[in-house]
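Take a look at this one chain, the form predicted on its own, written out in structure tokens.
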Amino acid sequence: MTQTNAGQVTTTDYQRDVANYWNTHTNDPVNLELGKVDDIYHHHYGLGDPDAAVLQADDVPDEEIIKELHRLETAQADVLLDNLGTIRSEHRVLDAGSGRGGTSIMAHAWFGCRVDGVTISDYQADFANDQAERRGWSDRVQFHLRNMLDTGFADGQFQAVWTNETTMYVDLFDLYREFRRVLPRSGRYVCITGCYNDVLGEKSPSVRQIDEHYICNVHGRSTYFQALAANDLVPIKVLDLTPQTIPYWELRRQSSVKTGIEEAFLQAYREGSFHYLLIVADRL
């Protein structure tokens, strides 16, 4: 971990609350139990249909549900990485809000490139760096205690940047201003995120429940495109992944790692007040 004083990394009370949340939620089974399947620890949700054999069994062992949930979460990371474009081993990429490092670990395995992750959580940075060290990748995969709104990296440093369910913790205009700075011309940004459907007006009760559960601030769908345009990031692909994520939440509701927020996600997705989007954008 880059030895940066946490007081400098978190500059507002809200950021300190978020850092404290992730520094104290260290035993959450929804991440740890799934990560034990193959030693890749995600901090996001899943995509795709569960194995029919698991769904159709009369009495499914919980460990089989855990394996399926992890497979769907890994499939989500596959989708994100598949949209990064041409990444070569000499390139450098940035995981903004890197969690326990799962997507970064996968990125290095896919491309052989250098990967930097940033998080405001000491615990997450230490956990993820341990993952890289145990694989012998510490020289190529590093996690830093830094704020993704002010990463401290040089201008144009990264061929690609991604956010995997992390944008709801920051101001999008500030975030994309920083991404514009660290990306070169034609550099790629990929985002997978939940956003509320502001065509319908304000946040629904289910979306507000999600905010409260994760102490986050889910953005309206239109805000993403306003902030991208304001910072010379031009969308080249937008996909609504909502139908592909609903089966994940239905399965998770049956598992031992359910947290009680599953119904809010399912309600919000089904009523159309919440969307799960993939956004791919290139820098002008």
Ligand code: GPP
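Note that the structure is predicted; figures quoted are calculated from it, not measured. All residue numbers are counted from 1 along the displayed sequence.
Not on display, but discussed next: the form predicted together with ligand GPP.
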property: Proximity to ligand GPP in the predicted complex, single hit among Leu84, Met168, Leu149, Met106 (heavy atom within 4.5 Å); result: Met168
property: Proximity of Asn31 to ligand GPP in the predicted complex, heavy atoms at 4.5 Å; result: yes
property: Close approach of Tyr214 to ligand GPP in the predicted complex, 4.5 Å, heavy atom; result: yes
property: Cys113 within 4.5 Å of ligand GPP in the predicted complex, heavy atoms; result: no
property: Val218: touches ligand GPP in the predicted complex, heavy atom cutoff 4.5 angstroms; result: yes
property: Per-stretch contact check against ligand GPP in the predicted complex, the hit in 168 to 176, 140 to 148, 181 to 189, 115 to 123 (non-hydrogen atom, 4.5 angstroms); result: 168 to 176
property: Residues of stretch 35 to 51 in contact with ligand GPP in the predicted complex (4.5 Å, non-hydrogen atom); result: His42, His43, His44, Tyr45
